[in-house]
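A single chain, nothing else alongside it, follows as structure tokens in the form predicted alone.
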């Protein structure tokens, strides 16, 4: 007897398929996966919850995820996501698209004024960003959204925020004391081992060109086209980005300038809107943009420094007057 494909058969068969898929994906996890908070979970404040509602209403989850997978370690994540991280979340905002960066550990990674500039005009702090502007939300909703961003990461985010607030007063005081005092303060925060670190990459035409590209992609929005700290983000940042053109070289000590620039580009200036870039820029690019800033904005000449050089397949070993011929180098 041949079965007939009637509407009743289609409906009944569809329901069976639905429940076969729905049961292991939704029902079983609901009763099997524990809803206990993780060690980093923290209850949200009323303002943070309001910011979460703005996040949902604006569709932020379409571009940003909030969970770290094992394959995401390469982006510098501190920990993998756990079920308990999302305790009491309804709905869960895991997201699936990673058009923008993952936000599960965003809290405390940037200052509040950086987030303000970012929401008002993302290109002001991330020149290559494709994120839309959200200035139409108004000050109140942007403040709530920022509070929500700073809560992501739970207890660990709270610790990062506490440290940001702890040093922020010192950063502002140094800025308000004047450019020389500000540079001296920044100099003193760099660990001694970093200060004499020489730039292993000479300021060649290629290095400066690469440094210019890095500057345009990561730095120009805050520090401005001429390095004076008057980029697009300046109206929202306090203190504003460092004005490289006011730096007096005697405060840096010539041999220190490379290591200090490298340190701050890599690690940022905690308490200010200057973020760290060690998860986005490899070492050579940081040195290249250091060369670019030093030459064109600080007007620093490293010609009196002893060359260090990096001998790899990419660099030509021994380009000085006493260098052995290429064949001799290869034969060794």
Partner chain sequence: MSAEKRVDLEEKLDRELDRDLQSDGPPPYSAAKGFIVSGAIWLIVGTTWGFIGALEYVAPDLIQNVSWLSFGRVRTAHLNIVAFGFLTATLIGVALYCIPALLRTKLFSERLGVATMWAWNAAVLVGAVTVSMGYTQAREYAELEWPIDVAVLLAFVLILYNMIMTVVFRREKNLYVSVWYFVGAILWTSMVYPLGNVMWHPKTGSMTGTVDAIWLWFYGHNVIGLLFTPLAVGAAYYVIPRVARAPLYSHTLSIIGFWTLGLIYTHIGTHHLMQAPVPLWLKVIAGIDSFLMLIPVFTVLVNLWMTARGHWVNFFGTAAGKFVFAGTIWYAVVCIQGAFHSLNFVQRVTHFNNWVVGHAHIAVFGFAGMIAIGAAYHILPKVCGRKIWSPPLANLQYWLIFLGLWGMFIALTIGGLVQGNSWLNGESVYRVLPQLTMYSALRVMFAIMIIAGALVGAYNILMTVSRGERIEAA
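Rigid core: the largest C-alpha set superposing within 1.5 Å between the two forms. Numbering follows the first chain given and starts at 1. Note that the structure is predicted; figures quoted are calculated from it, not measured.
One more form of this protein exists, namely the form predicted together with the partner chain; it is left out here, but the text below deals with it.
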query	finding
Whether 10, 17 and 97 all lie within 4.5 angstroms of the partner chain in the predicted bound form by heavy atom	yes
One residue of 210, 123, 160, 195 in contact with the partner chain, assessed in the predicted bound form (non-hydrogen atom, 4.5 angstroms)	123
Region of this chain that lies against the partner chain in the predicted bound form, out of 152 to 160, 166 to 174, 125 to 133, 257 to 265 [heavy atom, 4.5 Å]	125 to 133
Contact flag, residue 285 vs the partner chain in the predicted bound form, heavy atom cut 4.5 Å	yes
Contact label in the predicted bound form: residue 270 to the partner chain, heavy atom within 4.5 Å	no
Residue contact check: residue 33 to the partner chain in the predicted bound form, 4.5 Å heavy atom	yes
is_contact(residue 65, the partner chain) in the predicted bound form, heavy atom dist at most 4.5 Å	yes
In the predicted bound form: members of 180 to 204 within 4.5 Å of the partner chain, any heavy atom	none
Cα displacement of residue 26 between the shown form and the other one reaching 2 Å, rigid core superposed	yes
